[in-house]
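In structure tokens, the next block holds one chain alone, the form predicted on its own.
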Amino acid sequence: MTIYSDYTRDRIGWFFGLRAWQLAAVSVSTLPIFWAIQRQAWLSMLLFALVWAVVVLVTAVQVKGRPMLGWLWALACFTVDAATGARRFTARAAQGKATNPEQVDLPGVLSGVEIHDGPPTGAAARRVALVQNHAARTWAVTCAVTHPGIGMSDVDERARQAAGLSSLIDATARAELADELIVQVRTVPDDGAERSIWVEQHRRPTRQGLSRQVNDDLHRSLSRASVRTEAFVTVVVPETRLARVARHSGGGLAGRARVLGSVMAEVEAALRGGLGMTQVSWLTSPELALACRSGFAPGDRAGIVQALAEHQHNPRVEAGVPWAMAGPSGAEATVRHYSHDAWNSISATVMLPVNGAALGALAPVLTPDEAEERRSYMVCFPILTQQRAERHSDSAEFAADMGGELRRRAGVKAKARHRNDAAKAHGVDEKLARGAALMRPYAVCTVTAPKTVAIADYGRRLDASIRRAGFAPLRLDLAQDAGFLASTIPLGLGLTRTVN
């Protein structure tokens, strides 16, 4: 089995896992205590000690993987947004205010998204959708991919595909254009829409009786037992990098489209080659709108598929999804889940285990436990530039050496975890010299269920599935809206990028 464990923590604490600012805050807060002891002001010493304890509690104590100061800041922001109504969304179409069907109307952090049609490419003259995120200052293109799966693959095949993924990330880093690769997978119970259309088109009216009943029974049974999988790969390019290169290609939207076209060609070659994708289709604007609508409302897909089938025989049938209606009619973010249309969703991020993760280890997370339940996850590979990677490597080596020296002087025995982190921090520099890229991967998993059921039960089952896969879940409390949009809507949204 191919196990990936050659990763290290993003930042290594200098002393007892504390970062520089945390160590400085804790150290400075002790000075008033020594001042009070020197003056023999014992009451003041007790008060300053109480203040020091509060500083340590707020800055150094981790609560569910986050510093308490971060929790307090997130809670304050969430409270302000809830009081001002910023966490609630009502589509302009639902208010009768939509005037332009091509104007994107999406909630939350996707409100700054604009969709452009790229130039015609290929024999079919497809115009790939270019996603411009004005808030994050990024451009993105998305493709739908089909992969045969690795459930039955042997060790050599898994190793080959893992090497293909590494080659894709290293090649992307060397090009110094894209800074994020996002892989999204969604599984929903099969609604049987395609099979119903096929049966309707090929059924012979003269055939009645037992054979017809058997086929209908098989259709009902197989539809309830089957799941359908959708996979997307999104490439994200920041505007600061794209604009500089696009000036040499004519500038403007056309220049950016040409540069993004070259990025798409490189990524597609790697997907079809090393990763073994059997089909790679870059989404046009109508296809991307359909993917977004089915992400917010999984139950609408069957009707859209039926309309697409009727549109082939009757052009008057409207089968497209206008961007003004691609989002939910209404959405609201609460502390522990996200409501959108007639559905609720719960998102959790996963932490890489110390012992490593096998290629394809997240597959059990995608298995639904109940009817009408949808599972999805996103794996994001943020890629650092070579200069930033070397600076990060130097800082990690310095922090590892400083932490070891401080523990030695304090007489604290270094644990195996500290020694492993230090060894991996020193090994990063050698890998960078060999041309490897440095990235900070993370994953977000989401479960979606109708509002008629208790979403908390589905959230607990999602946590159990993540643990069975070998990962530790962390519920994205206070950020459920961002977690859902990042893991389910293929528009190139990540959790680490700062949104203006």
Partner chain sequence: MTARTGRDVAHLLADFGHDLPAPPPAPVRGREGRLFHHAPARGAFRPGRGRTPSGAPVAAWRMTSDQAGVWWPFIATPGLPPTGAQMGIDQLSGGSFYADPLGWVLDDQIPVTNPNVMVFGKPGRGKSGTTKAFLLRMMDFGYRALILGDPKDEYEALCHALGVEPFAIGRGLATRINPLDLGPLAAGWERLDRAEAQRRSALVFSRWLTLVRGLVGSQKVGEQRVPFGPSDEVVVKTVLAHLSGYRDAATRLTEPTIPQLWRALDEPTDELVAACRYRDRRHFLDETRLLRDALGQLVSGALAGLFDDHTIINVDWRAPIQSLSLSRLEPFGDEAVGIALTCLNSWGRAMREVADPGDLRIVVRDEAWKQLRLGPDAVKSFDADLRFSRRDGDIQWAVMHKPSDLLSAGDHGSQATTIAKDLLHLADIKILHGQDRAVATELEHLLGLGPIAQDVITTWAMQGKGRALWQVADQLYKVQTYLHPLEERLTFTNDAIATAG
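Note that the structure is a prediction, hence the values are computed from the model and not measured. Positions refer to the first chain, counted from 1.
Omitted here: the form predicted together with the partner chain. The next part is about that form.
- Among residues of the shown chain, H147 is one whose heavy atoms approach the partner chain to within 4.5 Å in the predicted bound form.
- T121 falls outside the set of residues with a heavy atom inside 4.5 Å of the partner chain in the predicted bound form.
- When contacts are judged by a 4.5 Å heavy atom cut-off, P441 counts as touching the partner chain in the predicted bound form.
- Under a 4.5 angstroms non-hydrogen atom cutoff, the partner chain in the predicted bound form lacks R460 among its neighbouring residues.
- Contact check at 4.5 Å (heavy atoms) against the partner chain in the predicted bound form: none of A25, Q40 and E176 pass.
- Put simply, of T284, S111, Q386, S281 only one has a heavy atom within 4.5 Å of the partner chain in the predicted bound form, and it is S111.
- Residue E239 is the only one of E239, E390, D117, E372 with a heavy atom lying within 4.5 Å of the partner chain in the predicted bound form.
- Contact with the partner chain in the predicted bound form, judged as any non-hydrogen atom within 4.5 angstroms, is confined among 285-293, 121-129, 303-311, 177-185 to 177-185.
- Residues from 357-393 that approach the partner chain in the predicted bound form with a non-hydrogen atom closer than or equal to 4.5 Å are A357, L359, G360, L362, A363, L366, Y377, V379, F381, H392, in the order they occur in the chain.
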